[in-house]
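Here you get one chain, nothing else, as structure tokens; it is the form predicted alone.
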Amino acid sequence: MKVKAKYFFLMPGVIWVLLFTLFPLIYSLYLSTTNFRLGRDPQFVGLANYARILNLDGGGGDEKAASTAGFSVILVIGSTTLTIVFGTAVAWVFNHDLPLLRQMRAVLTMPLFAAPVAVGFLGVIIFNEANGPVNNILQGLGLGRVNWITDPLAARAAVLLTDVWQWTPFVFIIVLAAMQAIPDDLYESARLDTKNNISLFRYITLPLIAPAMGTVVLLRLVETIKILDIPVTLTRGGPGSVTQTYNFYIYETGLRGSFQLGTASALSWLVVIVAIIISSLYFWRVRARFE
């Protein structure tokens, strides 16, 4: 009876994984090998979708996929770098005794708990070209107003800054926890040789928080690859299509217009493959370090 009860309690979780994880993955993999469109019967085309997207069929490739992938790469590198730098800097400040530390920490982590869609709509207000607070501040400083939504470069910067604003608290929380786990004895011993805070951070803090930062980098890379909500709500992919991310293109291909679910599935599986490669390289590096 104990064995049966054990499996009985496990079944809901197993059924959930099968229905909402494994089945969608397998079915989308099947769709990626077809030319399926909504309202039409799918026909098997093998790897033709992948060959066309990657320009392996000699037909010129999918230019839209290439351009959106390029912006996604810029976004991944820029957002990951800035969130790591800003999050680590804020964590280092908060690792010292400060008044109202708990209250300030609660305020700083608020963006992390907001839905990305809500953050995107908030960005519409913040980067409003006529009366937005960012432009009002810039004009007050004598720097003039910026066309955050209609200028291609500024629109990309707005998407990047909004994502950085939301996810910097995540880096802050993880890195601060790693910093607070460092024994004070190490700092007291090091201060016998130097009291330079930069040297203490470089030679003691940074090496000891490196594993936590590595995990944060991995999570941020994978998370930023999937970004969709902010470009959809903040700029709607415009002006033109300069702020369309790769996932935005998948959304447009599969769920708008001609509903090309076969092509959209192939595009999605390329994202999965990239995420698997990044994760595998990270875990291989970690394993090699500790063996």
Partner chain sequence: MSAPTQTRPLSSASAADAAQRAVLPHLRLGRIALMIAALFMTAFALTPFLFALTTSFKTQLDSIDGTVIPFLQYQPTLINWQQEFVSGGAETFKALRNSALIASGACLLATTLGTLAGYGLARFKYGIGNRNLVSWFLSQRFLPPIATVIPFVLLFRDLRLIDTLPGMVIINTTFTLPFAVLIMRDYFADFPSELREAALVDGASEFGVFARIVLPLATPALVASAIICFAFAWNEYLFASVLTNREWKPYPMLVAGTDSVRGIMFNFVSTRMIIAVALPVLMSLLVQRFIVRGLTFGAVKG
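Here the rigid core means the biggest group of C-alpha atoms that line up within 1.5 Å when the two forms are laid on top of each other. A quick note: this is a predicted structure, and the numbers were derived from the prediction, not measured. Numbering follows the first chain given and starts at 1.
Here the subject shifts to the form predicted together with the partner chain, a form of this protein not shown in this document.
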Next on the checklist: I'd like to check something about residue 38: if you look in the model of the complex, is any of its heavy atoms closer than or equal to 4.5 Å to a heavy atom of the partner chain?
Outcome noted: yes
Checklist entry - Taking the shortest heavy atom distance, is residue 236 within 4.5 Å of the partner chain in the model of the complex? => result yes
Item to check | 4.5 Å heavy atom contact, residue 99 and the partner chain in the model of the complex | outcome: yes
Item to check | Contact test in the model of the complex: residue 250 vs the partner chain, heavy atoms, 4.5 Å | outcome: yes
Item to check | Site test, 109, 114 and 219 vs the partner chain in the model of the complex, non-hydrogen atom cutoff 4.5 Å | outcome: yes
Next on the checklist: Between 47, 242, 66, 228, only one gets a heavy atom within 4.5 angstroms of the partner chain in the model of the complex; which residue is that?
Outcome noted: 228
Checklist entry - Can you name the residues of 10-43 that have a non-hydrogen atom within 4.5 angstroms of the partner chain in the model of the complex? => result 10, 12, 13, 14, 16, 17, 18, 20, 21, 22, 23, 24, 25, 27, 28, 31, 36, 38
Item to check | Per-residue C-alpha change between the shown form and the other one, residue 273, threshold 2 Å, rigid core fit | outcome: no
Checklist entry - After the core is overlaid between the shown form and the other one, has the C-alpha of residue 24 moved by 2 angstroms or more? => result no
